[in-house]
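Okay, here we've got a single chain as structure tokens, the form predicted alone, with questions on binding and movement later.
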């Protein structure tokens, strides 16, 4: 394939991904009347003030339920992502550094978990959580979110190659406990991979929709994805919700952009190292 053909294909795919985002940006700057009457991919003369008005209505509609949804998503994604990363690192480190019966079989089970779609687990999880009366609670979304088979896989690969056995043995000889060795030595050497695991986990939890849909009934517990879905389902009855859904969708991607831009240096190095090793 020539360089020109490659550039054309990349340009086409770039447009394919960027045009919907540009449409969302333009649409969020319009009132409902302008949305139905003006050009779909260009701004109206009053876009700036209309955008400010739309954002103001978004954050005050229904007693400010949208900021609550954003806060829920931030808590779900950040806390569960961080805890899931630590657990993945511990599992991956144990699989890489300890010799025990059934180690490879256990690792293969984790690998199999990567192939299972999250939607296939939603109904069994709902039945389990309903048995212990945890449905429609914070824990119904939080607890399943801390499990990451891909994180365990990447942590094991990275721990096997980046944490020398000699360092672990030296720490043991100096009297360091296994837990202290992990948190003071291994986790520092594994940090590029752990940032990558956290970022993947953060994005997966943030975009999670089906599990909250199955588990939650109270609007106060909704993440932003499920909240916007409920608004969008009522657009036929309340047309003014259309602009709120569009502005809400635009605002909801801001934390993802911040996470990617602030962690991209670690993410790229960790993913590249994991791919090579």
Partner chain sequence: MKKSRVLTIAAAAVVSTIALAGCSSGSDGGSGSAEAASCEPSDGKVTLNFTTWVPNMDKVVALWNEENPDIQVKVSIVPNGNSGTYQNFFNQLQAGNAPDIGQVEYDTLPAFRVQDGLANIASCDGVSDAKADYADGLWNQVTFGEADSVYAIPQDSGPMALYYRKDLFEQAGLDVPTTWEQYAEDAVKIKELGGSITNFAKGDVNQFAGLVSQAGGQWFDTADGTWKVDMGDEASTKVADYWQDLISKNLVTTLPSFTDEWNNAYNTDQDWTWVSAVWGANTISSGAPDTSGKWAVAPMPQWKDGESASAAWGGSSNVVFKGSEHPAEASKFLVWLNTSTESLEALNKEANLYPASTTGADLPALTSGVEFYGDQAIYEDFAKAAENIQPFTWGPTMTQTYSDISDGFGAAASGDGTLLDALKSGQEKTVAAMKAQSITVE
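Positions refer to the first chain, counted from 1. Computed from a prediction, not measured in an experiment: that's the story for all the values here.
Although not depicted, the form predicted together with its partner chain is the subject of the following passage.
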- prompt: Just one stretch in 146 to 154, 121 to 129, 92 to 100, 78 to 86 has heavy atoms within 4.5 Å of its partner chain in the predicted bound form, so which one is it?
  reply: 121 to 129
query: Should residue 51 be counted as a contact of its partner chain in the predicted bound form, where contact means heavy atoms within 4.5 Å?
result: no
- prompt: So in the predicted bound form, does residue 135 come within 4.5 Å of its partner chain, heavy atom to heavy atom?
  reply: yes
message: Is residue 66 near its partner chain? Define near as a heavy atom within 4.5 Å, in the predicted bound form.
response: no
query: Does residue 43 reach its partner chain in the predicted bound form if we count a contact as any heavy atom within 4.5 Å?
result: no
query: If you check in the predicted bound form, do 2, 9 and 204 all have a non-hydrogen atom within 4.5 Å of its partner chain?
result: no
- request: Between 24 to 44 and its partner chain in the predicted bound form, list the residues on our side with a heavy atom within 4.5 Å.
  value: 32, 33, 35, 36, 37
